[in-house]
Structures are given as structure tokens and as C-alpha cells.
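One chain comes next, on its own, written out as C-alpha cells in the form predicted on its own.
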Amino acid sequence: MKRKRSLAELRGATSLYAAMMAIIVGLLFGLIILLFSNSKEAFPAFFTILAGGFTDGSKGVGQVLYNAIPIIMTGLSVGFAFKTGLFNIGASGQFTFGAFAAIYIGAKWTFLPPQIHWLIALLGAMVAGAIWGMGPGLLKAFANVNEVIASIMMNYIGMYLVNMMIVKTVYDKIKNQTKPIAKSAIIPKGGLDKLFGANNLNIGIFIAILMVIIIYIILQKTTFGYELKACGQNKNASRYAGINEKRNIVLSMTIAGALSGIGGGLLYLSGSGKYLQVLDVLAAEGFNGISVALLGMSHPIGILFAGLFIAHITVGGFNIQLYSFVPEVIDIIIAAIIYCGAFALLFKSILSKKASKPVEESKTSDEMKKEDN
């Protein structure tokens, strides 16, 4: 038991170190960009990025929480699929589909009781995202189509299909975007807007945290989660053990899609003036979710903190306009962190090998003692 605990602790520590290395390298790369752009104001701007939401006090913190909600959900989506051996690159399409379903129900289904209108709209977003995530899962399970290729294609199909459905259902011709949702479809604020001084903040952050807890319990505490992870680690051994591999692949992608769909619903039901526009652009939240999942090492709790960190530096990046920098610089930094986050997996494997050597050596020495006795 002690050895199992020590190995688990080592793996957790190496995951943390690898993520920290990715963040540090990404931030240093951003600093270099700032120095080349404007060396005089580079360091003040860099420290503004590090300060993030704390620059504006409680209002800034509220803005960080608001920005973190959708990327935590898409990060959970990518991380959950990755834990089960699948790479869900289609979070963007699932997010958009969920957002459209939420807006449609929020704008059209005004016959619903006001107390549950927003909840039904959010459930609709979850179902829409689940359906869109199920597609690549079915192709992977029954036709052995690579889920990366399938989900990328579903991103574009979803984007164009949603644009077409917006024009036919909830289109504002003047503004080239969706019509506003009913007031009853707006997620309740729960007093958070007054507490943080941010009008766009609502109980969506609690829903995101609840989803983190649920996914953690599923993966760590249930037989279903164990089967999903077993299929991800070794499909052949899982099949030999009697686990239904195809069913688990479909369910994994379906749950991942549902999480992204909820993220879309939480963002566009916030009542913060967010509208889906009829543009040929994929939702950035889906790709930011990849960086969150990589930094969080696909662990639900890690994804929560990684989402808060990305939102934190995003708010800080917006504030660097005070130093004659364009806010797009933060996109470069986040992209660098994503790139380094991919290498974090390599860092993790290297650190794990080095850290596990003392444990293996102690294990062999104990076995030698038993043989001598």
C-alpha cells in the first residue's frame, strides 16, 4: 500500500512539475515577444499579465470567473475523452451546437415556466452537444475512423449547419446574429454580480465546479469510469476482460460532447450580451479547452485550476493595452502555453521515469532481503 501511495504521489508531483514547466516556458516566450515589440514597456506589461484579474480588484476576479466557465467545460470535455484514450478535437463544434440549442430554446420556448426556462435551455445545450459528440464516437467504434479527423470535420459541419439554422430560426438580419433570449432564460445571478461587481457573472461557475466534481467521481470512484480508463489504456486487454469497448467509446465521446454543449449554454445564457454571429469562424473556446486539458493533465481538478489560470492571464492580456500593446499578444502567449502543454506530457514521462527509479530500487532491495531470509 505504501508503495502504491508513493507511486501515486510521484505521478501527481511529476504532473504538477510538468504543467508548471509548460506555463513558465510559455510565459517566458511571451516576455520575449513583448521585449521585441516594445522593450521599454515590456516588463510592466508582463507583470500586468501576471496580475491578471487582480488588477481591477473584485470586479477583475469576477471577470476571471466569467471567462473561466466555458473553457473549464471544454477542458473537461477534452480531458475526459483523453482519459479514456480518445482525443476530442471537436469540442468547438459541440460547444457551438450546444450554444445554438440554448439560444433557440431561450428565444423560442417562452411558453415554459420562468423558473425552469433557463434550466431546460441548458439541458437542451447538453443534449445537442452530446448528439454532436456521439457522431465521431460511432464512427470510431464501428468503422474505426480516427476520432481526431472525424471530430475536426464535425467542427466545420457544425459551424455551417448552425449558421444555416440561425438564419432560418432566430436570425437578426440587421446585426447578422441571433436574436436575444428571453429574460426567463438567463441563468440566475445568485448575488454574484453584486458580490464581485461584474454584471455578467452568475451561478454558472458553480455549475462548472459541480461538473468537475461529477466527472472526478465518475473517473475515480465508479466501475464505469474504471472501464472507460481501462479501454483507453489497453483496448485488447479490456476486450479480453469482457468490457464492451465499442459501447464505451461511444459513451465517452457522447459525455465529452455533452460537457462542451453545457459550456456553450452557460456562456450564451449568461445574459451578458453574447450572441452567436453568422460567421465562418470556429469557436475559440473549444481550442482553448485543449490547452486547459493539457495543463490540467486531463485531471478534473487540474482542469479547474488550469481554466482559472488561462482566464486570469486572458484578463491580464486585455489590460496590457494600457502599455501600447495590442491584446492579441495574450493569444500568442496562450498558444505558446498550448504548444508547451503538449510537451508537458513528454516532461511528465521523463520526470516519472527518473522519480520512479528510487522506488523500484527500494522494491528490488526488499525482495532481495526476503530471498536472503
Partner chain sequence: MDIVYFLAQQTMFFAIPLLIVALGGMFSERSGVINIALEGIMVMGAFISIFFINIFQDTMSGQSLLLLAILVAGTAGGIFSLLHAYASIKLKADQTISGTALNLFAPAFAIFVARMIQGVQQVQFNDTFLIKKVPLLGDIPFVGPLLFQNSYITTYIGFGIALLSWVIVSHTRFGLRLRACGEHPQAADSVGINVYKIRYAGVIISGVLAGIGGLVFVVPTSTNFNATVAGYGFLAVAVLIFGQWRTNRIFFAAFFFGIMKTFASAYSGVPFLKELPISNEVYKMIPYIATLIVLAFSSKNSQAPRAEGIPYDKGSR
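The term rigid core refers to the most C-alpha atoms you can superpose between the two forms while keeping them within 1.5 Å. Numbering follows the first chain given and starts at 1. Everything numeric in this text was worked out from a predicted model, so none of it was measured.
Below, we turn to the form predicted in complex with its partner chain, even though it does not appear here.
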Does Ala130 reach its partner chain in the predicted complex if we count a contact as any heavy atom within 4.5 Å? no
Check Leu50 for me: does it contact its partner chain in the predicted complex (non-hydrogen atoms, 4.5 angstroms)? no
Is it the case that Thr223, even though its partner is missing from this view, gets within 4.5 Å of its partner chain in the predicted complex, heavy atoms only? no
Using a 4.5 angstroms cut-off on non-hydrogen atoms, would Ser252 count as touching its partner chain in the predicted complex? no
Out of 69-77, 199-207, 84-92, 107-115, where are the residues with a heavy atom within 4.5 Å of its partner chain in the predicted complex? 84-92
Taking its partner chain in the predicted complex as the reference, which of Val145, Ala230, Ile218, Leu119 has a non-hydrogen atom within 4.5 Å? Val145
With the partner omitted here, the residue among Phe305, Phe318, Phe54, Phe29 that in the predicted complex has a heavy atom within 4.5 Å of its partner chain is Phe29
Non-hydrogen atom within 4.5 Å of its partner chain in the predicted complex for each of Ser37, Met153 and Ile334: yes
Would you give me the residues of 279-298 that have any heavy atom within 4.5 Å of its partner chain in the predicted complex, in order from first to last? Asp280, Phe287, Ile290, Ser291, Leu294
Could you check, with the core superposed, whether the Cα atom of Phe29 shifts 2 Å or more between this form and the one not shown? yes
